[in-house]
Each structure stands twice: as C-alpha cells, then as structure tokens.
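As a starting point, one isolated chain is supplied in structure tokens, in the form predicted on its own.
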Amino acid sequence: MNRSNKTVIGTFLTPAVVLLMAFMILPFVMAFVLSFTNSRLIPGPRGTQYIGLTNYQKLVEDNMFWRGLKHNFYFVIIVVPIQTSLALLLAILVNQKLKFSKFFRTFYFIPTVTAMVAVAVVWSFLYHPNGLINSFLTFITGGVWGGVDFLNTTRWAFPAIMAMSIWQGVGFQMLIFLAGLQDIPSSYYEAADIDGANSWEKFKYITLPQLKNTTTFVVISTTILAFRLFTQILVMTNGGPQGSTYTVMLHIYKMAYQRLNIGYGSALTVVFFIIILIISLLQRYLLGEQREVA
C-alpha cells in the first residue's frame, strides 16, 4: 500500500474515529472515573471527592437495580426471538416479486424512523381502557372481553410494552434481512428447483445457511437495543405499576438526573455496559460456533 492510499484511507477514517472517541470512548472513560467519586449534578460545598468502591458496594445491595436487570433479561428473552423471526418472515414476504411489495417495505419500516416518544404516546392511547385495542377485542369477542387497563395492571403492563416494541422495531431488522436475501445468488435456488427441492427445503438448506452472518448481526444488535429499553417505559409507565416495568436504564436516569447522584449513576452505567458487552461477545461466540459446525 503506497503513501497516497494510506492518506486517502486516513482521511475517510478520521471523522469516524473522532466521533467514536467523542461520543463513545470518552464518555465511558469519564463515567468510569466518576464512578469512584461522590460527584453530584449540583456540586455540594465540599465538591467532588474520591470514595473508592463505595458506589459499587451500594450497587450490590441495590434491590431496584437487580429488579430492573431481571426485567431487562425478561424483555430480551421474549422480544429478541420474536422480533428476529417476524423480521425474517416479513423480509421473505416483501422479497417476493409481487405487486405493491415496495409499498409494504416502506409501510413496515415507517415505525422504525418514527420518534419513540411519539410512538409511545400513541400506543398509550391505544392501550387505554376505552381505547381502540380494547374496543376491537370487545367487538370480535362479542362483548366477552370486558376491557383491560393494560398499562396500569401488573399482569399486562410489561407484555403490552413488549408488543409495542416488537411492532416498532421489526422494520429495521426486516431491511437487514432483506439485504441479506437479495445477496443470495439466484443460481442456488435454480439448482434446487432442478433437484426437485420444495420451498421448505430451499429455506432450510439455502436461505438460512446463507443468512448466518446477517442473523448474527441482527440478533446481537437487537439484543443491545432491547437492553437499552427506556423511552417507552418512561413515557408509558414510568416503571410502574408497582415496579413491574422497572428497568436498569430507568434506574440510571432516576439516580443520576432525578436524585442528582452522578457518581452512583456512573457506577450503574459501567456495570450495565460490562454486562451487555459480555452477553454480546457470548452471542457472537455461540453464533460463530454455529457457523463453523454448519
């Protein structure tokens, strides 16, 4: 590689490296440093002081953190498989050479580019006891369905948020799967037709193996996004009712910006980041092992 090529590569990489440093690496380093202090959003008379591992000791005994983490895992375990499967199904459907396929691609993707706050507000109205969802269920059941206050019932609040989150995010994964589908050579399917393979066999032996790298990316990215569950919780339930929708991100927000405890909020952030990083690396390892075995 000559010097001119290195210059061109460096020129294109510099903006990305600067943004990565400014918005990811530097904030994490600052959070790590602050996690060992008693820093507050509004400094006290003594200012910020080093307190060692006190924030991390407090975290171990913080029941709300562990409750939120349990809810995060529950959300990930339910949402990621369902959202990934639906995204693949939608991608296969809109990849067919059918009429209005481009319209449906746009239609499914629109919720993804809509602000989550706006989506959460609209769905809050839909979930109202007298909202459209209850009215529809009452109609199709002939009045058997009596109506439920979804967001104020411990049994229904978290599943309701899961359903809304799946609907809002599935379009993003659909487009990624669609790109992967369109990258599969058509000659593979033509050869399968000659061999007399049916649709299921082509899906099992051609589509799925060819989408392994795409699936790995979708699963990992969806998992990270699922762990970041915050906006819809804050807007729709604020962690209620009775803490049934409380999450780690909401806990970090309340500790750092409502109770003004930046030091403890930073410790929560560092631990949560490490948990997500370990899970992402484990997923990549397991899915990578699948590729090698297959």
Partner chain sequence: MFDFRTRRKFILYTIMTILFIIFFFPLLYMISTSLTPNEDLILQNMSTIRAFFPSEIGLKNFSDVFQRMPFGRFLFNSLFIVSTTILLGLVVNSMMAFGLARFNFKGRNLIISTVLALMIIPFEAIAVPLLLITNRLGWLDSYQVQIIPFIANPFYIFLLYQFFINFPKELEEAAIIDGANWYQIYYKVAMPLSKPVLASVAILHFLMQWRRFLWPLMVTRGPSYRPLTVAMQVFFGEYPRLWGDIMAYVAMMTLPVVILFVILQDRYVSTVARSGIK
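None of these values were measured; they are calculated from a predicted model. Numbering follows the first chain given and starts at 1. The term rigid core refers to the most C-alpha atoms you can superpose between the two forms while keeping them within 1.5 Å.
Just so it is clear, the following notes concern the form predicted together with the partner chain, a form of the same protein that is not shown.
- Note on the partner interface in the model of the complex: the residue among 220, 176, 78, 206 having a heavy atom within 4.5 angstroms of the partner chain is 176.
- Interface membership of residue 109, defined by any non-hydrogen atom within 4.5 Å of the partner chain in the model of the complex, is confirmed.
- Using a 4.5 angstroms limit between non-hydrogen atoms, residue 125 touches the partner chain in the model of the complex.
- Although the partner is absent here, residue 161 sits far enough away that none of its heavy atoms falls within 4.5 Å of the partner chain in the model of the complex.
- Put simply, residue 58 is far from the partner chain in the model of the complex: not one heavy atom of it is within 4.5 Å.
- Contact with the partner chain in the model of the complex, judged as any non-hydrogen atom within 4.5 angstroms, is confined among 238-246, 262-270, 64-72, 50-58 to 262-270.
- Using a 4.5 Å cut-off on any heavy atom, the residues of 237-265 that reach the partner chain in the model of the complex are, in sequence order, 249, 252, 253, 256, 257, 262, 265.
- Remark: with the core as the superposition reference, the CA shift of residue 240 between the shown form and the other one stays below 2 Å.
- Relative to the superposed core, residue 282 undergoes a Cα shift of 2 Å or more between the shown form and the other one.
- Remark: with the core as the superposition reference, the CA shift of residue 154 between the shown form and the other one stays below 2 Å.
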